[in-house]
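Listed next as structure tokens is one chain, alone, in the form predicted on its own.
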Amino acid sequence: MTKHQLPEVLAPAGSLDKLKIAVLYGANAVYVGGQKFGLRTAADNFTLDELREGMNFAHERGTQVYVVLNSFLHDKDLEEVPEFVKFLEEIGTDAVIVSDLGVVKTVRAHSKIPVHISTQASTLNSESARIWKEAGATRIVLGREVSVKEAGKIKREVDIEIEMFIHGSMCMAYSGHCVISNFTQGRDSNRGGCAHSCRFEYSLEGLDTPEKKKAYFMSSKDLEGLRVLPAFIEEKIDSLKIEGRMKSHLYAGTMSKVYSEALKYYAEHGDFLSDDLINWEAELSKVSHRTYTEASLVEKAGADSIFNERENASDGEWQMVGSVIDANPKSGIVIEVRNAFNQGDELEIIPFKGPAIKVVANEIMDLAMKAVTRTRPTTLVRLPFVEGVSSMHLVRQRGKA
């Protein structure tokens, strides 16, 4: 079997809890944001203390941590960057993700932290990648409009690390060039205020067609690249990025687990010819998502990549109902409840490796050993012990019609 260098799985971590989940479920690296300079102001984001704790937690388990500084900064913003960068270097940050030349220069002037160029810079060709390399970047996060084959060509010609999105929401515009939110909501989409205006329904004037009543023409289906993994490996892409710092704990854990398990299977067998491929796809379908597309990974995305539907929060067939706080034969499985479930409900506990463990909640007790028929969010409840369950495992349940 020919040995191939396998790409890392880079997972989103919108909070300290999500960082820990992504790490435990197999991500090789995570990306996080501080309180400033990122593009997700609505995410929890990390305080300085949380950044330090998250860095230690990840590094102790061999996982790298990248910090986003990819907002478009003005001079006044830039004055605050050096102090933050020095802190990031002190706590051992593995890289920063940047989209602006001024920030690149500032980071390099005040630290030795490797610089990754954000997809916000919309790097689509070798000459652009070469300029970023000359400016000191060690990795390029390519625009989503680039195919895997084009990415491989850029890597070979420029000799620089290449990162590509493999999963998650898509922008209708070139990243870093969309200002719809600025005009419709007064929120700067390139300074952390994206209102996802492309997901709204719009009326097409002058048309007397069904499309006029159902005009979500700027909303894209979600990216899903599981079956493109062989191409990523063939083209020696360095990092596979999962979009979604604002998405759920269940999303962070499931995506990290599926893609890392698939790559580990390839490392062992040299192919993806496994029934597990069906299982991995089934797992991806259990997380709330729009219809999946491979977008431009293989062929240029066309009209069939439009998600011409109303957003519906109930689209996800499964939901996370809690996480395991403790599990042992004496005290049973202690679950912190996030969404209520009832006595007799069928649950699935997701281990860090291997298939989900099915449990029927016939016997639910509170911590005082009083029987519970319906759990409540934020409370702790106890189920009988099941072999293979341990703390930090996620618990999910199929939604009820």
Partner chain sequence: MKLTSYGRSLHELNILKDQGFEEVILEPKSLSRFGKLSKDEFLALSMRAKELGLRVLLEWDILMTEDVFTAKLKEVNDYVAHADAVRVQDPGAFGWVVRNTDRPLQFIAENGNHNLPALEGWVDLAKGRLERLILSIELSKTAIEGYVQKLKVPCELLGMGRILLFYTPRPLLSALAPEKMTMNGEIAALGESEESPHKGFPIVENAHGTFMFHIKEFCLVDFAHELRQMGLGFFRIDQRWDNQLLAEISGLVKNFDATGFETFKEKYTQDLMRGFYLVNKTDVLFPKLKNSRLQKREGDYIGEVLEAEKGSHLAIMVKNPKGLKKTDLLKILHPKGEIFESKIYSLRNLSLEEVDSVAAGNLAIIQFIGGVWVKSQVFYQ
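Predicted, not measured: the structure shown is a model, and the values here were computed from it. Residue numbers count along the first chain shown, from 1. In this text, rigid core is short for the largest set of C-alphas that superpose within 1.5 Å between two forms.
What comes next is about the form predicted together with the partner chain, which does not appear here.
A.B. asks: Which is the contacting stretch out of 345-353, 22-30, 360-368, 61-69, given heavy atoms within 4.5 Å of the partner chain in the model of the complex?
C.D. replies: Stretch 360-368 is the one.
A.B. asks: Please state whether all three residues 119, 233 and 279 have a non-hydrogen atom within 4.5 angstroms of the partner chain in the model of the complex.
C.D. replies: Checked in the model of the complex: no contact with the partner chain for any of the three.
A.B. asks: Looking at 184, 285, 138, 274 here, can you tell me which has any non-hydrogen atom within 4.5 angstroms of the partner chain in the model of the complex?
C.D. replies: Flagged contact: 184.
A.B. asks: Which of these residues, 266, 216, 292, 318, gets a heavy atom within 4.5 Å of the partner chain in the model of the complex?
C.D. replies: That would be 216.
A.B. asks: Hey, in the model of the complex, is residue 168 touching the partner chain, heavy atoms inside 4.5 Å?
C.D. replies: No.
A.B. asks: Although the partner isn't part of this model, could you tell me whether residue 159 comes within 4.5 Å of the partner chain in the model of the complex, counting any heavy atom of the residue?
C.D. replies: Residue 159: no, not in contact with the partner chain in the model of the complex.
A.B. asks: Test of understanding: in the model of the complex, would residue 340 fall inside 4.5 Å of the partner chain by heavy atoms?
C.D. replies: Because no heavy atom of residue 340 falls inside 4.5 Å of the partner chain in the model of the complex, the answer is no.
A.B. asks: I'd like to check something about residue 176: if you look in the model of the complex, is any of its heavy atoms closer than or equal to 4.5 Å to a heavy atom of the partner chain?
C.D. replies: Flag for residue 176 set to yes.
A.B. asks: Pick out the residues of 219-242 whose heavy atoms come within 4.5 Å of the partner chain in the model of the complex.
C.D. replies: Only 220 sits within 4.5 Å of the partner.
A.B. asks: Superposing on the rigid core, is the Cα displacement of residue 360 between this form and the one not shown 2 Å or more?
C.D. replies: Stays below the 2 Å threshold, so no.
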